[in-house]
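Quick heads-up: it's one chain on its own, the form predicted alone, in structure tokens.
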Amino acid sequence: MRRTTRLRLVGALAAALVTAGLATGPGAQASPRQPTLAELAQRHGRYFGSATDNPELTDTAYTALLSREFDMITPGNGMKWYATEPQQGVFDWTNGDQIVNLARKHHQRVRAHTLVWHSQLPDWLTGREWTADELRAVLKRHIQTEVRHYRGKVYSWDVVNEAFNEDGTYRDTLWYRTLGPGYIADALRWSHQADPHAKLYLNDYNIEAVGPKSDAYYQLVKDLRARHVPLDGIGLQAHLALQYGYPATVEDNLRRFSRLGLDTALTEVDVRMLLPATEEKLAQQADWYRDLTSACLAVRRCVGITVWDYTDKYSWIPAVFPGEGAALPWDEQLRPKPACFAIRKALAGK
């Protein structure tokens, strides 16, 4: 083989190795892969998750990042009552199954959400009056049918969602008006019967700090545990807003629920701001994400963190709070924001 031909072949081989990320030589080595948020959290025995919703699963760039960075997935809407029992006694698992199957494909677990809530109920349920016996039967059937369908496929259930008002009184819902406060214990018992291995949670917003609403949950938990009602955890949603201040007692609050023998989790985290976003606001947001992450890591029984979707592209905030947004760790172009780097540093212990 002539020398010039040999040199061309060597050059072509080197170029191919560079393209494949396999190049040799001191100047051509690929940088090591950065650990994902999930991998960093796993070092502490925690998970790091994201909510998602069915319409965005056609976005391949989005699903690639969702499947890579997180090890726990929450269906934002696909397991709620309006989606799963749109007509009485007629169940539809299409949306929930899609997300469970996606999670299983990528070796992720699922926080199932939610069985009993006052919102997003189908018209057949809200459009008539029920006797206590009738509604109790409807509720039991719905819970046990759904929990059995996903038995062995989900890590946990948000069994009852948003049961209290800000002052710590029971929220005036269809369930409370018709069944009284006992519906919460019943829902937990029925869920446990249907899947004894799923973790069972109560979940709410504005209970991150010690205050009247979180005090109400604290007393409820003490009562439920005294009566041996199955309950494994409390979910603190952590939908925060810069203009209302950081919940400074979040670590103390996590700790007091842990002392009752419960797991805790930050379940729907986002930190919204008044738009437009500025460097100063994004820096403050990053501090809050870092502090939330550190608070969970400081409490042994805080088992993990879930952001309420990970990108501003699919955030629920702008539609519900006009003029607010930019609430998540990745921006609308799926680029990491200062909040993402702050979470990463907190998980890495930096």
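All of these numbers come straight from a predicted model, not from anything done at the bench. When you see a residue number, it is the position in the sequence shown, counting from 1.
Below, we refer to the form predicted together with a small molecule, which is not included among the displayed structures.
Asker: Report whether all of Y62, D312 and F341 sit within 4.5 Å of the small molecule in the predicted complex, measuring from non-hydrogen atoms.
Answerer: No, none of Y62, D312 and F341 comes within 4.5 Å of the small molecule in the predicted complex.
Asker: Please tell me which of N253, S156, S191, N161 lies within 4.5 Å of the small molecule in the predicted complex, judged by heavy atoms.
Answerer: None of the others qualify; the residue that does is N161.
Asker: Which one, Y183, Y217, W117, Y150, lies within 4.5 Å of the small molecule in the predicted complex by heavy atoms?
Answerer: Only one option qualifies, and that one is W117.
Asker: So in the predicted complex, does P230 come within 4.5 Å of the small molecule, heavy atom to heavy atom?
Answerer: The answer is no: P230 has no heavy atom within 4.5 Å of the small molecule.
Asker: So, H113 and the small molecule: in the predicted complex, are they within 4.5 Å at any heavy atom pair?
Answerer: Flag for H113 set to yes.
Asker: May I ask you to check whether H239 falls inside a 4.5 Å heavy atom distance of the small molecule in the predicted complex?
Answerer: So H239 counts as contacting the small molecule.
Asker: Can you check whether Y47 is within 4.5 Å of the small molecule in the predicted complex, heavy atom basis?
Answerer: No.
Asker: Work out which of the listed stretches, 257-265, 93-101, 75-83, 243-251, brings a heavy atom within 4.5 angstroms of the small molecule in the predicted complex.
Answerer: Correct option: 75-83.
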